[in-house]
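First, one chain by itself in structure tokens, the form predicted on its own.
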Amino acid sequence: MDVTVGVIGLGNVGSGTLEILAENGARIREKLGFPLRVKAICSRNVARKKAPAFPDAVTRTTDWREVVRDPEIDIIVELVGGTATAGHIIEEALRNRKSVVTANKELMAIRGAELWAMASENGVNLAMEASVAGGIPIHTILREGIAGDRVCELYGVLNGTSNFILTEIEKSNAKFESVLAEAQQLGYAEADPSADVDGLDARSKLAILAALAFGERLTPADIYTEGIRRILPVDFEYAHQLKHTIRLLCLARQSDDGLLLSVRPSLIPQSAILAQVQGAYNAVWIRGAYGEDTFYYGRGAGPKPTGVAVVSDLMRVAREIRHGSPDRVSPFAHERLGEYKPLPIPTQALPYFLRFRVEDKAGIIATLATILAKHQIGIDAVLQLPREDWRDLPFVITTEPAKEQAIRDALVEIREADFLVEAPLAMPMERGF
């Protein structure tokens, strides 16, 4: 007896999923011992969508309710995205006692624990491997592969668009705007790139991974987030002087005081393995109390890498349907998630990279040193590469480890200076590598 599937949403990931199910169907059947059969596909413009040929008849519809309420469909695949319609689809599917596979990072970050509880109450499953890091099976790793460890730290490069932009700025010395335009032309960035370049996409992914790693119910709004719009080629020049590079770093660090979470551009040593992550790839580095360091790398997006994650979830859920599973494992790797608020980001203490653009005048360094000292911030180094334009002179001050609150307070005072061309840029220099 086969297990039947209804796919709702035929964008890039939906199309990639259907292609894998069609082309790899025989191998999937060999692995499962029974076939996965696509019974229905749904999209607002399904008539214009090109779908692969399947051996059995496939219903095409524009009404997702028709798919969700079909008594012959066992698993619903939600690939619509967003939080409104997708939320209704998943809720209705679970009420109809159908398991759900989703790639929806935003919805799972906000309502994942609630929807899992609903799935559990109805005796069905909710699987979401494809919601983070595309082709990297990071959910399975945290939920099963290293479940016996206690995660202490997690570092991630989780947004391929931002990583492509940063590594292209680093390689070509081009400005953010021109590299963003290239990313849009190549299909890495949307026409409105805000979710990627402002860190919002990575924030949702980190909320999910932090719940898996630490067992705490977190929402994206709990996570301190900065984007990459202000990064200039000169920032990489100075970072290289310090034997560092810059990445949009997702961080979750457990300490005796609590859990620290952030998504922000940060300096990491060029010797660190995360520094080697180039282009649109993703990576996650996990440090455990017992197993120590493990590293996971692969394509973070794309129809086929993400489609592989969707199909793998389908296979796992289909096995449960066929063979039964009295003890379902939560997709969040914990029986219950705690209610938790992370530590305020200003409490962290790290060295900082402070980049200034100034109109060159006498006494600038002395003024900055005075203000930093007032806030008990020690200067580690002052870096100034040769520049001809004295009206827009960039230079960098690196600090000794300092509380971020002190850095923020000092920068508020510094912003009043009449020699600044723009507000200073502050980035932490991560030491955990």
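Model, not experiment: these values are computed from the prediction. Throughout, we count residues from 1 along the sequence that is shown.
In what follows, reference is made to the form predicted together with L-homoserine (HSE), a form of this protein that is not presented.
K.L.:
Any idea which of 307-315, 151-159, 236-244, 286-294 reaches within 4.5 Å of L-homoserine (HSE) in the predicted complex, heavy atoms considered?
P.N.:
So the stretch in question is 151-159.
K.L.:
Scan A275, L343, A301, L232 and let me know which has any heavy atom within 4.5 Å of L-homoserine (HSE) in the predicted complex.
P.N.:
None of the other options qualify; the answer is A301.
K.L.:
Which residue among H139, R355, K98, K105 has a heavy atom within 4.5 angstroms of L-homoserine (HSE) in the predicted complex?
P.N.:
Selected residue: K105.
K.L.:
Can D196 be called a contact residue for L-homoserine (HSE) in the predicted complex at 4.5 Å between heavy atoms?
P.N.:
Heavy-atom contact with L-homoserine (HSE) at 4.5 Å: present for D196.
K.L.:
May I ask you to state whether D201 is within 4.5 Å of L-homoserine (HSE) in the predicted complex, using heavy atom distances?
P.N.:
Yes, D201 sits close enough to L-homoserine (HSE) in the predicted complex that at least one of its heavy atoms falls within 4.5 Å.
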